[in-house]
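What follows is a single chain, given as structure tokens, in the form predicted alone.
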């Protein structure tokens, strides 16, 4: 199947960046369809580490990359990312949707004031999506227009009451902000203009031709605004369906939906986490997996693999195959377990709670798993692609247990950060 949607199947940070980089080699277009600079996709190649917050991970292959309509963009941050990429000797082939929404400094100020209660990154993502839904925000097409300064000033009139009521600005500071930001963002627009086009048409043409399109999601399914652990979620849809709305995927065109899961579970920010570890066990797993946020550097919360939550994510996002990352990390820790059921008040439940306080009450039911065989890099590299039979028995058993529970196959196994540390079945 030529087209693929890649989504996180947990709470984000599953290793989508590396897997998109691997899959991008066989793709023609790579399309990012949701989120903003709160995404942190880390890709390692030839001993160098690249951290993409906006640009799709296919950039390192020189592929045509698109930031779709569903993405919210901080022009300053994106331009800095482009510069860093070009300074490293690369030439980005980047197109930006004219319909993508713009993040302004006042969105970040609002986020800093209000976002702490759910552990946001403070990058203005939520307030931007909120004002998009309220129809008072500007799009990329506005800041590249000939009358960009006028459009920006008019849009800021719509948020004046919000900014003053929230004590973000005084009346005087607001007027100074309007004057300076309209000039600054109009200048960004001039720089952006060569990158802006009708990206939906590019995707449509590719989808109806022999070109291969790879759709890249940010965050994870359990952070989806509608179906995640609300209110401890992100501000956009993280499901595969969002690739159609935010990326221009064409309904009816055959497409594969690939979910990414770690061999265990992590989470950044606040919210329920039924399989969370603490104390020494958490420290050991966090250090073994280098579990620190690519965007914020925050230590990630870590826990046993939650198959109950993973199965829910698979069902609501229509995931057909899984790629599993960090399998090598499990070989470095003791006491491996997987969660196979939830209990509330001592009784097993057959649903994933929609209510965060209810999910906090969940008692995870575990199944012990034999220790994973510890392989050297040389032993890993010696494994043949295409056959699970070549894997050590402990890893085969772990994979089969997961496949039987979630009822879809694991078709990719990642055992390190480099793109060549990947086994495709």
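These figures come from a predicted structure and were not determined experimentally. Positions refer to the first chain, counted from 1.
Another form, the form predicted together with a small molecule, is not on view; read the next lines as being about it.
Among residues of the shown chain, residue 268 is one whose heavy atoms approach the small molecule to within 4.5 Å in the predicted bound form. Taking the partner from elsewhere, residue 299 is found to have every heavy atom lying beyond 4.5 Å of the small molecule in the predicted bound form. Contact annotation for residue 186: none of its heavy atoms lies within 4.5 Å of the small molecule in the predicted bound form. Although the partner is absent here, residue 203 is not a contact residue: none of its heavy atoms lies within 4.5 angstroms of the small molecule in the predicted bound form. Taking the partner from elsewhere, no residue among 71, 97 and 216 has a non-hydrogen atom within 4.5 angstroms of the small molecule in the predicted bound form.
For the options 120, 329, 199, 137, the one in contact with the small molecule in the predicted bound form, meaning a heavy atom within 4.5 Å, is 120. Site annotation in the predicted bound form: the residue of 233, 257, 178, 277 reaching within 4.5 Å of the small molecule with a heavy atom is 233. Heavy atoms within 4.5 Å of the small molecule in the predicted bound form are found in exactly one of 397 to 405, 21 to 29, 411 to 419, 8 to 16, that being 8 to 16.
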